[in-house]
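Just the one chain here, laid out as structure tokens, in the form predicted alone.
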Amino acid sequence: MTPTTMTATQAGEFRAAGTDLSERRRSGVSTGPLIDISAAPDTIGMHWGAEGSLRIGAFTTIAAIAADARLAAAYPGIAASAQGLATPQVRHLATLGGNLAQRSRCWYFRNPHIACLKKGGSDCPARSGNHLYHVAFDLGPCVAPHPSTMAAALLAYEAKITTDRRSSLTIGDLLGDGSNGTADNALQPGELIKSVALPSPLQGERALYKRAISRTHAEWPLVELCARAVIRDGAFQFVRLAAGGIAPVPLRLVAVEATLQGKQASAATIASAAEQATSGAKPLPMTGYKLDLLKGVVQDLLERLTA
């Protein structure tokens, strides 16, 4: 697509820490008015239920989530995901709500001189252009992978989101199914994320997180996975796997889960399940390599969970 002058949206945008917003304003992608927001007691911190459930305020920083020992014991996949994303400086400022609501990292979207679906354009320039780091599960007109690491982890934990207008939203409710290429999420105009609720952890549950990246630190994942399992009497009694970096929204790997459910936790079972990780994939010409990465990450985490 030929670069054209693009007028950025003039809609107001919320600013908490502004780790993503500041970059977009410097580049000229976002130029509209700012709405500064600050934490209230019910929108920050960890709030534990008597039965062991947890509600995390949307203004809680990623660093606070990564460092909380009680959270790490109850929800190790959430803590490990928080520890793995971005840099220590970003984690210190970035909030959980901001991570969920951040905008696309696609280089065409981030270029203020190129039109795309998310900036009012008529098509996705990445589809016919350079999409080396884009989706391997082509679910809609935009081929940029969703950037939120925490969304993938929360999908694995079947979390529910509360906003200032709605409650009990799933990650699917919040982010959509990938078919709307014009938006990064399904929030209504002016709607604000307030908190995220996690159900009580399962007895005997284990969880891990891993990302495949092109350099050792401070890089967006090519593929990432949060995996949970309960293994009892040598068999998978419960399995949840959610992947990011591969689709316009985080994806549950339901074919892998179905292959493992009730089966012996053996090397053969794990190898067979890992092959199912690419079920339903539709890679772009440049993104087929992500399918090999995905199968490898799935196999690695499942082997570690059963060790």
Partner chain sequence: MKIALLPSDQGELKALSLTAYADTGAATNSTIAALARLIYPAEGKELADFDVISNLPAGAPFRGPGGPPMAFALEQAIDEAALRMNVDPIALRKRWDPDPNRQRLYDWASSLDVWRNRKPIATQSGRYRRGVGVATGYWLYLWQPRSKVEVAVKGGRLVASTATQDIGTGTRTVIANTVAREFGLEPHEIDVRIGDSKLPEGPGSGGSRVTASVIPPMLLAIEKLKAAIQQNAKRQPAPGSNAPWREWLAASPDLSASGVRPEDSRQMAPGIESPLKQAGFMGWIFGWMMRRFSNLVIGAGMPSSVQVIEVEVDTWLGHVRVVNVHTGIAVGKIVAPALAHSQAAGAVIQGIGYALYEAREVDSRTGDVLSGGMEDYRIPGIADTPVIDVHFDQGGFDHVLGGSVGIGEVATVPTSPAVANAILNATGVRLTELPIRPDRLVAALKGRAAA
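Positions refer to the first chain, counted from 1. Worth saying up front: this structure is predicted, and the values here are computed from it rather than measured.
From this point on, the text means the form predicted in complex with the partner chain, which you will not see here.
The contact residue chosen from L208, L93, I213, V230 relative to the partner chain in the predicted complex is I213, the criterion being a non-hydrogen atom within 4.5 angstroms. Checking Y157, Y133, F236, F137 for any heavy atom within 4.5 Å of the partner chain in the predicted complex turns up a single hit: Y133. Contact annotation for Y108: at least one heavy atom lies within 4.5 Å of the partner chain in the predicted complex.
For the chain shown alone, E23 is a contact residue for the partner chain in the predicted complex, at least one non-hydrogen atom being within 4.5 angstroms. The partner chain is not drawn, but in the predicted complex it has no heavy atom within 4.5 Å of F14.
Contact annotation for S128: at least one heavy atom lies within 4.5 Å of the partner chain in the predicted complex. None of 183 to 191, 213 to 221, 142 to 150, 165 to 173 except one has non-hydrogen atoms within 4.5 angstroms of the partner chain in the predicted complex; the exception is 213 to 221. Looking at 284 to 307, the residues that come within 4.5 Å of the partner chain in the predicted complex, counting any heavy atom, are P285, M286, G288, Y289, D292, L293, G296, V297, Q299, D300, E303.
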